[in-house]
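Take a look at this single chain, the form predicted on its own, given in structure tokens.
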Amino acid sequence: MSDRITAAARRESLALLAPGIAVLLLAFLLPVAVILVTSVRDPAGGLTAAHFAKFFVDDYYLRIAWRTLRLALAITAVTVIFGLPLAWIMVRAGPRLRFAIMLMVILPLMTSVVIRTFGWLVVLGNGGLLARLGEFLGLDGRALVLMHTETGVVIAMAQVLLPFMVLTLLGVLRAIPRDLEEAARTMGAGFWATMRLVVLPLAVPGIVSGSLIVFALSISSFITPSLVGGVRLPVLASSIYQSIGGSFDWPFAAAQSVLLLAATLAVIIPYTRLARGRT
């Protein structure tokens, strides 16, 4: 009797999971499989590694790959540095301040990323708000023009992706009892010691989850790096677009896509295991 109940429960579970599995297969695994096949196919229909070799033998593409990874790591670090205090303030603040901060965090998500990026072009470009502010303060305005610089890309991308970090950390920090902080303060720990020894270790799951989301989004981002960085600072996403729309080299674009996916997994999987071992 128990075996029949167990078998029926398994069939019911599979029936409930079937739609999700089908969507996953059609929307993710099937396109990835097509890209993998395209990246190793030659014009005659055979298999070749020439498309991957083209990437590794050319310093131009290696520099693009290193720039993409460096920018993604920098953007992730910036969102953690600003997102953790902001999320903690939201948890500990009163209802009105919490609502105001939540509104400022969520509102950018309701605006197109293209519009937000063009806003940064106005702020960071020649004659922009930042340059004029520097001139008003007696500084060299040209030195504050951050268009077509990696710093400008990091600033713009961090602003675009900061809500994902804050909202992820918010749920984790809400679960931390305030009594733990009060107990640490009672035992003689100062504010910064409490943050470092109590809040930060307990917030690690949120930091890991938010970092993975931000890193995955930033390393594959196309619009903001292309507009702010321009042709002087290409990233892998723009290189893939150029291979498709410029030279119509679909196999090489597929090879770059596979390498981008592999680089993302190479960072995410060890990072997740390391964080899991410390929690």
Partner chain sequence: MAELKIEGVAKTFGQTRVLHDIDVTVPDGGFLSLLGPSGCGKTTLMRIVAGLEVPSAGRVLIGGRDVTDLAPEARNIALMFQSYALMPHLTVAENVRFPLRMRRQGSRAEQEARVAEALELVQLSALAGRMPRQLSGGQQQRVALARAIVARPDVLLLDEPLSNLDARLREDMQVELIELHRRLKLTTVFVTHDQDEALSLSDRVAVMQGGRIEQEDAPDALYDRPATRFVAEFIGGANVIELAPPGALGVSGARLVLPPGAAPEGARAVALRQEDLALTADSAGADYALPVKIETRIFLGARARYRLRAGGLVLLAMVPRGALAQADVATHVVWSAQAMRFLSR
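Numbering follows the first chain given and starts at 1. Every value quoted in this text rests on a predicted model; they were computed, and no experiment measured them.
What comes next is about the form predicted in complex with its partner chain, which is not displayed.
Participant: Give a yes or no for Ile207: in the predicted complex, does one of its heavy atoms lie within 4.5 Å of a heavy atom belonging to its partner chain?
Facilitator: Residue-level check for Ile207: no, no contact with its partner chain.
Participant: If we define contact as a non-hydrogen atom of the residue within 4.5 angstroms of the partner, is Met102 a contact of its partner chain in the predicted complex?
Facilitator: Contact with its partner chain, no.
Participant: Heavy atoms within 4.5 Å of its partner chain in the predicted complex: does Phe118 have any?
Facilitator: Judged by the heavy-atom cut-off of 4.5 Å, Phe118 is well away from its partner chain in the predicted complex.
Participant: Please check if Arg185 has a heavy atom lying within 4.5 Å of any heavy atom of its partner chain in the predicted complex.
Facilitator: Arg185 belongs to the contact set for its partner chain.
Participant: Counting only non-hydrogen atoms and a 4.5 Å threshold, tell me whether Leu180, Gly190 and Pro201 all contact its partner chain in the predicted complex.
Facilitator: Per the other structure, all of Leu180, Gly190 and Pro201 touch its partner chain.
Participant: Report the residue, out of Ile81, Leu107, Leu129, Leu197, that has at least one non-hydrogen atom within 4.5 angstroms of its partner chain in the predicted complex.
Facilitator: Comparing distances to its partner chain in the predicted complex, the residue within 4.5 Å is Leu197.
Participant: In terms of non-hydrogen atoms within 4.5 angstroms, which of the given stretches 172 to 180, 109 to 117, 155 to 163, 93 to 101 touches its partner chain in the predicted complex?
Facilitator: Careful reading of the contacts points to 172 to 180.
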